[in-house]
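Before any questions on binding or motion, here is one chain by itself as structure tokens, the form predicted on its own.
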Amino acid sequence: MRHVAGRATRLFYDLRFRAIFYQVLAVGAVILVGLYLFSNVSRKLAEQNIVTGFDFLWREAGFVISQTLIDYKPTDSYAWALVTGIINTIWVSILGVIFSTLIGLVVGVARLSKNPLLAFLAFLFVEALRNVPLLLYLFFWYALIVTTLPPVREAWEIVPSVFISNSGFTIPSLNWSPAHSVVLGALILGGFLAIFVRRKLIAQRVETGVERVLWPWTALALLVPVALAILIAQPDFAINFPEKGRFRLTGGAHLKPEFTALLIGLTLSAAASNAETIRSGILSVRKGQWEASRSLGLDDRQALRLVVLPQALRVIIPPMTSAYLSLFKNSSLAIAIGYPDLVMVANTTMNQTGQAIEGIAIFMLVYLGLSITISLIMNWYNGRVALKER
């Protein structure tokens, strides 16, 4: 018994054991509190004859969603309506992440320019967008599109086959079909194969010391799956160009004002924060790296792309993760201008079914899942670019 007690005492004083033990206790306490709250709420709702559960998801929705990326009809279920809202949220958020990163990179580098006018304009861009609430910018862009642009029959053709009016943008498009989805999947697969092949060839070059041209094999790995998918699925790549009629535009893809205003607002607001993050990351790299690059014959642009930015990524990635998370969560402001994202669809569902707790739980879990997914991806990439101790 004394031996067992001594072993238990040593185990308790082990720091790793205690850390795990306290975490298990904390998780258990949270689970117990959650079960208690769930039981209490369920009992109170039952006393008031309020129906609970998720059976309502399979009932007919009966409402229209104005903008959809997937096929949706009012006769579909509430579950499919929520899926449509989730896809709308993810779509506008992903586009916002891509565009805000590109714009932020340009503006962040411009702030470090030796040209005083360019640096000042970049400074104005950042300060103007960072110090005004996003919601006001959404109202501003939506009002600008709806009130100042011409009606559809007088739409401006800003570039060939691209029209802009108070009903949004109309651009050329493909008539998307399952065959196009197969080709897109093959392109993604080819991208992963190209990365794998490139790494293998680089590893062989390091081991053998034999120089080998990489790009033909990388291009082959990328294009072969796409070519096979095209031969098998045989998609129609005919482009549907919009045409201006007497009263309306026909053909093409129509980006409505709500989507356009939301995308512009999210993109520019996040781009201002990203620009400052990128600028601070570049400034964190020592000046000696610039000097060493010039001594190797690189100009400033090559030095930035090949030497400075790769080192700055270890400083840039963590705050950029927070910026991406904020962009996804800020997309919930879409309800203010009428874009049918997850929150708007969930609100309509709750108003029709009266099951608010379930609706709130659904979009909370969706946003939690998206946030965790983004964090995992960005943390994985941060681990790839982080400096490793030798």
Partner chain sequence: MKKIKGLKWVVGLGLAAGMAAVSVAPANAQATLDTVKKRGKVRCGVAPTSPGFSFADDKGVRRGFDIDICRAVSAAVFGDPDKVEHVPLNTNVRFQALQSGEIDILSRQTTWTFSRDNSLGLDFGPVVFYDGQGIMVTSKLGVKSAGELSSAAVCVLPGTTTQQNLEDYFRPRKIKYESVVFENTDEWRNAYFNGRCDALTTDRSDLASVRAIAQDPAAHVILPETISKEPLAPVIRQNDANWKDIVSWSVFALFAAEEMKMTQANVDTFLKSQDPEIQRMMGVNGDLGKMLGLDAKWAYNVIKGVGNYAEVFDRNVGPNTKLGLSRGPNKLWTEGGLLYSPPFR
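Since we're looking at a predicted model, the values are computed, not measured. Numbering follows the first chain given and starts at 1. In this text, rigid core is short for the largest set of C-alphas that superpose within 1.5 Å between two forms.
This next part talks about the form predicted in complex with its partner chain, which is not shown.
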- Report the stretch among 74-82, 217-225, 173-181, 119-127 that approaches its partner chain in the model of the complex to within 4.5 Å, counting heavy atoms only. 74-82
- Query: Counting only non-hydrogen atoms and a 4.5 angstroms cut-off, does Ser295 reach its partner chain in the model of the complex?
  - Reply: no
- Val146, heavy atom within 4.5 angstroms of its partner chain in the model of the complex: yes
- Message: Taking any heavy atom pair closer than or equal to 4.5 Å as contact, tell me whether Lys329 reaches its partner chain in the model of the complex.
- Response: no
- Task: Would you check, heavy atoms only and a 4.5 Å threshold, whether Ala26 touches its partner chain in the model of the complex?
- Result: yes
- Item | Site test, Lys44, Phe139 and Ser167 vs its partner chain in the model of the complex, non-hydrogen atom cutoff 4.5 Å | yes
- Sequence-ordered list of residues in 232-260 near its partner chain in the model of the complex, where near means a heavy atom within 4.5 Å: Arg246, Phe247, Arg248, Thr250, Lys256, Pro257, Glu258
- Item | Flag for Pro74, CA shift 2 Å or larger between this form and the one not shown after aligning core | no
- Leu376 C-alpha shift between this form and the one not shown of 2 Å or more, rigid core reference: no
- Query: Would you say Glu154 moves its Cα by 2 Å or more between this form and the one not shown, aligning on the core?
  - Reply: yes
